[in-house]
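Only one chain is given next, in structure tokens, and it is the form predicted alone.
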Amino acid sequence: MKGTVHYEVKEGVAILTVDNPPVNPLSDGVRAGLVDGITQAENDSNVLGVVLTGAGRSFIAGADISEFGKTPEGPSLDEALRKLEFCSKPVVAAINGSALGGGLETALVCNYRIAGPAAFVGLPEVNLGLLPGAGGTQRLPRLVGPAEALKMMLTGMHVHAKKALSMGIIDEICEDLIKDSIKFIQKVSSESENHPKVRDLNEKVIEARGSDNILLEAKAMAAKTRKGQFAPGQIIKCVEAAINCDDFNDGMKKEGEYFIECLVNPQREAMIHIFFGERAASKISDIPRETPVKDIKKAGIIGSGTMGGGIAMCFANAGIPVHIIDQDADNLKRGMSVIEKNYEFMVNRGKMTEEMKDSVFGLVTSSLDYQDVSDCDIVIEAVYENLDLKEKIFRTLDEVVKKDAILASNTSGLNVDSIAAVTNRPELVVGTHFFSPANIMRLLEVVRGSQSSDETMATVMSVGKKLKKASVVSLNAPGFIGNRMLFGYTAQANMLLLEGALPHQVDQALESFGMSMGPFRMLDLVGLDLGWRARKLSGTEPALPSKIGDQLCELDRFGQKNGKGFYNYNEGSRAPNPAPENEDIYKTVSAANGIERREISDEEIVDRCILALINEGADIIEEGVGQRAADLDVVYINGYGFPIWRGGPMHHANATGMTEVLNKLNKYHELTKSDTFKPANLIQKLAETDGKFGDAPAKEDRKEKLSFSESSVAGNL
């Protein structure tokens, strides 16, 4: 069995310590240990009560996900929790660290809860497509009220000890947790033989009966923040049962039924896939775990624009001093002002105190002199996408910054090896593609140059973890992972527009599929003029998918920046409004290119755009540009708004079935004659064996790089 529970008696109190590193999940050995420990304590007449705590930094961090779908060994979780709840002697949960999911549910069956000052609690099961299935939906509303319980469960948020005390989740905060818990047991055992059970605290759920507001507000929150997800609706039903069922056990029965529905829903598998995928993505397959990692004590940023400022905030938020350089004093002043306003906004929203803001913003300094980043351990260039400019900056940095510092480029698709080649430290050069706004978006593409050292890569992945990013490694190929896949997706959206669809139809179809934003809303947000200006400057003829966008730019329709693009926008608003005046442009461009417009179904829109992602993703996997299929899913969920409950494009293909994917690719290849739908070799191989992405072994030698110009999308970005 996995995990154990240590038993000892101190001053007449039994101490049960869960020991299942690293985070003490409720594995079979832990459940057995809880049953045995309570039994032993009850049978010992000298034991006054029980203190339950965790070894290390966690109390209990939840259920053991690896056991899902398997026949459990030993006692069930329900049996272990009932043993705790109905112990004949008082039980204190001494919460020493994280008490999440099943961990908080375990604490809720104890008579009392005492926490250390660094402890935190939460019920984050919704992030895995599940609901708290061990009584959390029934007990938490009884402690904190249904509204607060729903907020915690629907957001999955962590609640730190001080707030948990004010909410009533815990009874005390103590510095010397075990010693104070023993004293607490000694006190309550001498004062009473009856000790409270959360299941009996009905006042707050009864108060909520007859009022629909709590449930309506929860449904509105779920619709806004958990669009398309199954579990939130089931959580709300569980709390509704907690409010309306006179018998606690009836509510528990409902919770069990709704939990099973979540467990068998495909969304659960997809979201757990991403949970494990993010953890796997942080590991580089050919770099030993013992590879040394540089200590990053100070960071430098070149460029004070939107990206530079956002990246600087990431470091400051992680407690790492950061210095920003810009060549223009006005730009620098403006950039620092934006950072300060962002922190002020967080204060106004209650996300941080004024003291916290002063402390964090105080870590950000700035100047116009490159010498001021000479002592940095990592410097990230964050200027606009121009290879000549980036190479010029790296030449300067190579001369100025200390010789063992890492130099990184926040490029979204340029050749990292070309940038590295202008320095005398190519082994210390890497790509760090942050996503905008960098202080909010979780994705970080770490681009491995042909000479990037193991130590450099390990260090940057470690930095990504400190910055709380979902970091994914890509080899150095045009567009890396995310933008390379995006090219075909947006090209198909534009081709559908040429063939007869309208922007709002394409966007609505893909948003109904679950994308957070349709492609034409996204293009308006980014700015239609970026590619158009670059093509005009170079004298390049636009490719067919870009022709409508370029024609709109010729009419000064650049997107949200000037209030008109594929959509119209009211001043100060990002809400898209129809632009019927554009429809003649669509028809004209279609006719000029020999394309007969037709009715296009929502199914075709979704198929063509999503298949473009999947097919390009298959090539990325086979070429070794991405380490593993799940990495691509992590990229698309955290950087491009793909619905987490579908598990990412590659998992979605697995769920669809590779034979079905192949048949659809062949169908649209025949319809469009586009190479976008020429089935990738890997998809054909997997269809023959009824295989899935993830079955294919990762390339062993990650240093066997593609030439930057050999990628199938070279010249398209």
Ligand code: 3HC
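What you see is a predicted model, and the numbers here were worked out from it, not measured in a lab. Start at 1 with the first residue shown and count on from there.
Just so it is clear, the following notes concern the form predicted in complex with 3-hydroxybutanoyl-coenzyme A (3HC), a form of the same protein that is not shown.
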Mark Leu77 yes when one of its heavy atoms lies within 4.5 Å of a heavy atom of 3-hydroxybutanoyl-coenzyme A (3HC) in the predicted bound form, and no otherwise. yes
So, in the predicted bound form, is Asp633 in contact with 3-hydroxybutanoyl-coenzyme A (3HC) at a 4.5 angstroms heavy atom limit? no
Does Lys466 reach 3-hydroxybutanoyl-coenzyme A (3HC) in the predicted bound form if we count a contact as any heavy atom within 4.5 Å? no
I'd like to check something about Gly431: if you look in the predicted bound form, is any of its heavy atoms closer than or equal to 4.5 Å to a heavy atom of 3-hydroxybutanoyl-coenzyme A (3HC)? no
Interface stretch in the predicted bound form with 3-hydroxybutanoyl-coenzyme A (3HC) - options 536 to 544, 123 to 131, 641 to 649, 558 to 566, non-hydrogen atom within 4.5 Å: 123 to 131
Checked Ser98, Asn494, Ser471, Ser474 for heavy atoms within 4.5 Å of 3-hydroxybutanoyl-coenzyme A (3HC) in the predicted bound form; positive is Ser98
3-hydroxybutanoyl-coenzyme A (3HC) in the predicted bound form has a heavy atom of only one listed residue within 4.5 Å, and of Arg598, Lys224, Lys403, Arg289 that residue is Arg289
Residues from 265 to 281 in contact with 3-hydroxybutanoyl-coenzyme A (3HC) (non-hydrogen atom within 4.5 Å) in the predicted bound form: Phe275, Phe276, Arg279
